[in-house]
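The data below hold one chain only, encoded as structure tokens and taken in the form predicted on its own.
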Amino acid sequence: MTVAYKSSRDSFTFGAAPGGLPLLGHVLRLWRRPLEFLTSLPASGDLVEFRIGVRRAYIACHLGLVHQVLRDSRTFDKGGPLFEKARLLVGNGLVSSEWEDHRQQRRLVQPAFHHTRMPGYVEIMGNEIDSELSSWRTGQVFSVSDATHTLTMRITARTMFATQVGAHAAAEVTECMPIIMRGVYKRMFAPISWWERIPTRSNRLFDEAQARLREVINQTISDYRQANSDQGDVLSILVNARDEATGQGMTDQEIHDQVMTILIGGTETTGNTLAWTFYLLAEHPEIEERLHAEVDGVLGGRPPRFADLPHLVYTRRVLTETLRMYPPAWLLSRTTSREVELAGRRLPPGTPVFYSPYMLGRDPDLFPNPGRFDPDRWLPDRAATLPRDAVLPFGGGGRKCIGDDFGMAETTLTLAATAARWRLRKVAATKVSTTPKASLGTGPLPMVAQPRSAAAAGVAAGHPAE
């Protein structure tokens, strides 16, 4: 199937979201049933106006418009309600900084994600994945979502901090992050901001968690500066980075913001992607069997290595299809830095413009039967019929996630290693509900671990095969 796209701006349609309320606009619909609200909007137009309180905002519902927004990152700059509130967590880091700051920051942070560093990161990933899988027991019921988030936090912490200080930092991050993420999400769509200053229990916990996290990260940065040595980890690169044009390094505050950005990006989104993947495989045993066949053929009973990544092609298609259906970054926003035309509408400076990878992934014009989990959508001949960047789990343009290759390597290794040793089965009474917060999660996801074979059981018990 070839998808036809409108090429002229004049051919795009404009509409307004129905169901807005006085003063509140569409906030209640975003709070109560955000995914249903988003997927209903394309029926109103390619570009749709809605209101957050009394503030007008727009959402690009057509992939062509989304690409236009992402290509012009100077005009459609980082901003809007999502990123204004995200700055509570990551400050002025890569994910939230505006165009000029971002250009300099990306030059300084890029060496930490250079392809030559990936084999070392993959070795760390493999050690942590093996440790996690070896802790599982036959018949054990456990929260898969908790396990994937704990695993990705350990991987991110070990690649970030090579010293013993990192263990303390990781523990604090693990405890504080869920509290902060809940608080940030609540603040994203609040029509009024004064309630954030009311000393409710949730607001107190949010403030306390932020303070604890800031203290531990700042102390770790100070320790690294005093050590004045390269530990071979991400934080060493950030501390020692110098801008080629000016010779200047980053301040402690700038490093803090980048650390927080990487910790969030390397934990929350990746953990949710893995949890969704295990859920979908449990729902589709025929796809799980194909995954097992590839993993067995490529690995031959040993743990996955860096050199295996190019050969795990079906594993990667499974992950790509999961990201289409359940992208962690389900809703993102920009703010116009100048007056601009979009879909024939003149948008003044400071206008919030949203796009939703979740909405795009459920577009039946792009993906026939979009509710079907079908990794073969990404076979080369079928993928070639889609427009470029038909799914955008890592964003696009100059603001594409700097850690996209890291994240795909991590999820591919984790999925392959798990499939080689274990099957995960849902608990019978469990009903999964999509949980859209700052990242799109599964909510509680209890599953049962079953070893794939007697040989796999031996590996799982900590006795690798000869």
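Worth saying up front: this structure is predicted, and the values here are computed from it rather than measured. Residue positions are given as counts along the sequence shown, with the first one as 1.
Below, we turn to the form predicted in complex with protoporphyrin IX containing FE, even though it does not appear here.
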| query | finding |
| --- | --- |
| Every residue of G301, A420 and P451 near protoporphyrin IX containing FE in the predicted bound form, heavy atom within 4.5 Å | no |
| Listed range touching protoporphyrin IX containing FE, judged in the predicted bound form by heavy atoms within 4.5 Å, from 362-370, 242-250, 277-285, 321-329 | 321-329 |
| Among the candidates P393, P375, G183, G80, the residue which, in the predicted bound form, approaches protoporphyrin IX containing FE to within 4.5 Å (heavy atoms) | P393 |
| S356, T335, T270, T220 - the one with a heavy atom within 4.5 Å of protoporphyrin IX containing FE in the predicted bound form | T270 |
| Contact flag, G441 vs protoporphyrin IX containing FE in the predicted bound form, heavy atom cut 4.5 Å | no |
| H62: touches protoporphyrin IX containing FE in the predicted bound form, heavy atom cutoff 4.5 angstroms | no |
| Distance check, P42 to protoporphyrin IX containing FE in the predicted bound form, heavy atom within 4.5 Å | no |
| 4.5 Å heavy atom contact, R399 to protoporphyrin IX containing FE in the predicted bound form | yes |
| In the predicted bound form: members of 245-273 within 4.5 Å of protoporphyrin IX containing FE, any heavy atom | T261, I262, G265, G266, T269, T270, T273 |
